[in-house]
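Presented below, as structure tokens, is a lone chain in the form predicted alone.
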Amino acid sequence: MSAGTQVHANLTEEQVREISDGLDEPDWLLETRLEALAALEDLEMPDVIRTPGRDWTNLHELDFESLVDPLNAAENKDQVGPEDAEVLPWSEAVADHEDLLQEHFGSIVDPQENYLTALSTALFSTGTVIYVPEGVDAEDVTVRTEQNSRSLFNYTLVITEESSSVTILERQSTGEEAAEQYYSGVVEVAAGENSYVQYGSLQNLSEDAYNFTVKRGVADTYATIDWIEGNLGTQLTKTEVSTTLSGDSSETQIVGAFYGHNDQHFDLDAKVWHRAEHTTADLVTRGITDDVARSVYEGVQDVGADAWDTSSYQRENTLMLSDESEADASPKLIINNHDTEASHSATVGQIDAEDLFYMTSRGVDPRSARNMLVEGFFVPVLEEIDVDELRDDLEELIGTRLRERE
């Protein structure tokens, strides 16, 4: 494949140098960007779910040459956190913490893993570094990004030192709407020994937008990384959330919720890699497809040969509100150690006719009954969200979408 031919026509080294110079970056980081740019010609698109005769997500059809405008990135961004933790815009992090950036940047998400990670590495012009020193409990870190340009490339790095904790709420939305936009986000989380990270994200971009996001974390001994992933916006979202449990007794939870309507398409990955002893993972995703929307989900629990005494659970449920919507789920369990307790399941179906009949027979009108069943469907996911603001916002957006439905 020569995926890079789609975008190379309007990308140059000079553009990448201008972005890097504007952020006053060191030479090693500029070199990383240039190497990613040069690699584009030879890199493949990210893997997508394939069923017989069908690729569910066709990234090759995106017109990157039109979507990517590297020197005209514009946004409104809030980066707020408590005083005892550092929540820094990328340019300030470059000036204040070059040593941390050099140690962690690209250590979890390979800049040249695929075409879209390389594109993001070469062109990102905005970002946030969240650094939580040893023993600090940092609550209510908020990062809000409002996209006001054709394309926006965002990078986030979270570093927690020993026995620290942080809760983060990230939002992406659209400000000045263009006909089509492209948002790319890369998130790396390095959780130190006995630290705790909860990273909640709510994506509500314009339904004319395209979104590629990868969020990955590595958990050290006794560390915990919990992800909450809410997706409602865009016409196409390709996203992955994953954790590597590299330290003994480390834990992770990945909670996902999505609601697609009209012609939206969601391609969602949730993955955990058990690489140490006594590790625990819980993956739970629930979503809706309506109208002619489509969703495809891939979940992976990979238990390594040295991952003794592993507990790993996964469940994914999709509810289709129309006959024309589509959904596919592919949970995978890979076990290389017999000392493992694990399960995985996935369901795709429509509202239970008996439940609907029961409610309407007791005087609830059909529309209200359907909406109540849908809201009840999301309860197991909403109950897992500890951040009140994120839970309330997600619940409100789901309710609004249901009320707008004819």
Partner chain sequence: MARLELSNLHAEVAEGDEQILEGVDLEVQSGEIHALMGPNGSGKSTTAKVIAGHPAYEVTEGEVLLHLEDDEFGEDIEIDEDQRTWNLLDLEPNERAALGIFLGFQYPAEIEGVTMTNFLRTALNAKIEEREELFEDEEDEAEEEDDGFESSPMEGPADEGEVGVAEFQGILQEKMEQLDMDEKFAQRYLNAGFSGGEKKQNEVLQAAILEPSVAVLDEIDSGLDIDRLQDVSSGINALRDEQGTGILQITHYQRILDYVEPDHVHVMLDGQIAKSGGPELAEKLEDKGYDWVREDVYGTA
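Positions refer to the first chain, counted from 1. Remember, predicted model here, so these are calculated numbers, not experimental data.
Not on display, but discussed next: the form predicted in complex with the partner chain.
With the partner omitted here, the stretch from 41-49, 66-74, 359-367, 339-347 that lies within 4.5 Å of the partner chain by heavy atoms in the predicted complex is 359-367. Only one of the listed residues (I351, L29, L62, M372) places a non-hydrogen atom within 4.5 angstroms of the partner chain in the predicted complex, and that residue is M372. Remark: F377 counts among the residues lining the partner chain in the predicted complex, judged by a heavy atom distance of 4.5 Å or less. The partner chain in the predicted complex comes within 4.5 Å of no heavy atom belonging to E396. Contact annotation: E35 falls outside 4.5 Å of the partner chain in the predicted complex, judged by heavy atom distances.
Heavy atoms of E383 reach within 4.5 Å of the partner chain in the predicted complex, making it an interface residue. Residue R286 is the only member of 281-310 with a non-hydrogen atom no more than 4.5 angstroms from the partner chain in the predicted complex.
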